[in-house]
Structure formats: C-alpha cells, structure tokens
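So this first bit is one chain, no partners, the form predicted alone, shown in structure tokens.
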C-alpha cells in the first residue's frame, strides 16, 4: 500500500465547527496547518438525494437501543445538517468548570451576524405557533439564527436541515475557506486511525485515504471528529477513558395537521422557548424533511403514512431534552445509550405541552402524533475534568480535543456557538494569547 507523509505545525482532525475554527485561527496566525476530513467536499447539498451521500449510513444509523443518530461525513461536518440556531454558552460552564466563554460568544455572534429572523422570513406557521404558545402562557420568542435573512428562501420545503444550497445558513465551510486562503491545507477522505505518540507526547496522526496510508507529523494534534468519532480515535490511541458516558440530547417531533401553511414552509427552529431549561427541556418549531418523515413514519407508525399528502399543512414542535449521562461508545464505533426514567419523563412533559400548543394553533387533535425518540447532539465523550483539562489537552502532551466531546454535561440548547467559542479559546491557548 502506498504511504505518504506530511509535516505541519498542527494537524486538526475533523472540519466541523470546532476543527474548522481552530484550523482557521492557527493558519491566520501563520502556522502550517493540515485539516483532515473523513468525508468528501460535496458541493451539491440541500436535497434528499445528495444527503444520502454524506449522511452516515444514509441517515439510518442507530444506537444499540434503537435511537436514530444523524451524522454528516462532509466538509463542514454538523454545520451542514444543523438548523442554524444559536444559543449562548450556559452559565454553569463558568461557575462549575471555570471556563468563561461570554466574550468569545459575543465576538462570534457579531462576526457571523447572529440574530432572530424577521417576520417575513419566519413564515405563517412559525408566527401562528408563536402566538398560540404565548396565549397559553408559555414564553416563546424568536430564536437567534446563523441565517442571512436576505438570502433565505423560506419555502425550501423542510430541506434546510439537509444543507442550505443558497448559502443563507452559515456553515464551517466559510472558516475552511479562510484557512485555505491563509495557507492551510485541507485533505478530504482521510479516515484517521490513531494519534502517533512518541516519548509520551503527540507526534501526529495516521490516516487511511483512497491513495493509501497518510502520516501527518505535527507537534500539536487537535481531534475534532465529533462526539461519536473523537472517542474512537482517542481509544485507539490509548486513552481508554474516552467514550465512557455520554449525552445525546434526545428529541421527539410532535406533529399535527392544520389549515394553511405548515412548518416545512419556513426556516427550522425559528421560534422556541427556554422557560423549561432548568428542567432540561427545550421546545422549538421543527418537522422532519419530507424524505425522513416518510422513513420515520414507515418505521414507527406505518398506519399514518397517508398523512404525507398533508405534509405541507403539518405543524411541528420539537421537544429536546438534556439527558442523563450514561452509555458508552466502543472503539469500533458502536453506541449504547439507554434512556433513563428521568429522560422519558422530560420527553413526556414536553410532548404534553407541545400537544396543547398545536391544538391552540389549529391542529385537529386526532391528527397529533408523537414521533420516535432519536438522538440529536452526541457529546461528553471526552469530558473536561476527566479526559481533557481546562485547556482541552488530554494527558498526552500536545494532544487536544475541540468539539462537543469535551462538554461535561448536556447543554440543553443548540451547540454550535458554544463549540466555536471553545475552539477560539483553545486557539488563543495554542498561540500563547491571553484568553479574552
């Protein structure tokens, strides 16, 4: 088998929000950076057929307990398939773990123009549910978005989560482009196997590519392969404490049929409420893209497949919870993540509230369905205080982690702004700058 070797100041594994941010900041500071991505640099995105190419197992990946997990192998990682929602880092990161991200988050939000969407972009369904929820006494509001309203084509038909073909939704690809302009190198289809460790310190990584084995030698290694990928690489590198315990942010979709335009005809998660965040429950407007709606309905309630003809008239609310940390990820990527009694109680409570809101918004009570539980944001598999320190370094000098793996607890909210902020903080540490 052909073998090749590259050298750099830093090698970053994974091109999602964490990896792309670190790679960009280091390259802009004049460091030689190699960014490795397991997936391809697909440019045709935003429809069901293209998503089959970059979604892990075509979107049909499951835990051993049967929870569906959606994971993207593509440049930009999870930011291709997220809803473009932003939320400030939780206060407990500072109070419990000594990590203050407020200034970083504020700068990122300003740079990327994070803001709620105007009414004309929200769409009829979101506004209707916003008013219905608040008339029942719930504190719904517009959610801040990584979406440019001047570009957003809100009648995409629910495909925003498959990737935005119009460029309205920010993705980590923008940071990858900045990295390349600054002289950094992107290598796609590079499946990193392990971190090379010499004399007890990180010395680079070894990856499988279509051309053969690739070694990238660098004194700084940053693993940003996500909550599922990162612990596998760490375990194969001798850090067997990774992958023990995790959160998944389990969620269900509660949908019903009403008159008028449905949730699919507007940007996802445009409205929502954090009123129950202390209980670990988040509600927001969301419905599956039509292709995934068909698959999930066929698997969980095939008798309702006929409702697909009324898909564009369906209103949907997502109930997402901060789950108890448990389960594990094996070295070969198998995931076990049982739901606890507390997890199920949170989902039930959120679904009950969602049902009342949908009825108030005009849904026929007989049409309301609670979908199957699935996982949204895997994390806590390389936790701060256990697998990495406050500077995100493992017990192997020179080996760092920068993604949702390091979060010590379920975030109970959209992750991307927090992950970018953590990555900016790590970049300052690596460059010897004072955190700000």
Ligand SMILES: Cc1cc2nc3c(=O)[nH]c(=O)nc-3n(C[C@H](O)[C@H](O)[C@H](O)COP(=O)(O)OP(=O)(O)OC[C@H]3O[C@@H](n4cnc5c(N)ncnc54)[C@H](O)[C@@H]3O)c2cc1C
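Numbering follows the first chain given and starts at 1. Remember, it's a predicted structure, so these values are computed and weren't measured experimentally.
Omitted from view is the form predicted in complex with this ligand, to which the following refers.
This ligand is not shown here, but in the predicted bound form it comes within 4.5 Å of a heavy atom of residue 85. Residue 422 falls outside the set of residues with a heavy atom inside 4.5 Å of this ligand in the predicted bound form. The closest heavy atom approach of residue 70 to this ligand in the predicted bound form falls within 4.5 Å.
In the predicted bound form, residue 39 approaches this ligand with a heavy atom inside 4.5 Å. Only one of 392, 26, 404, 34 comes within 4.5 Å of this ligand in the predicted bound form through a heavy atom, and that residue is 404.
Scanning 246, 317, 233, 321 against this ligand in the predicted bound form with a 4.5 Å heavy atom cut-off leaves one residue, 233.
Using a 4.5 Å heavy atom cutoff, 74, 191 and 224 all lie near this ligand in the predicted bound form.
Stretch-level contact check against this ligand in the predicted bound form with heavy atoms at 4.5 Å: of 375 to 383, 60 to 68, 392 to 400, 26 to 34, the positive one is 375 to 383.
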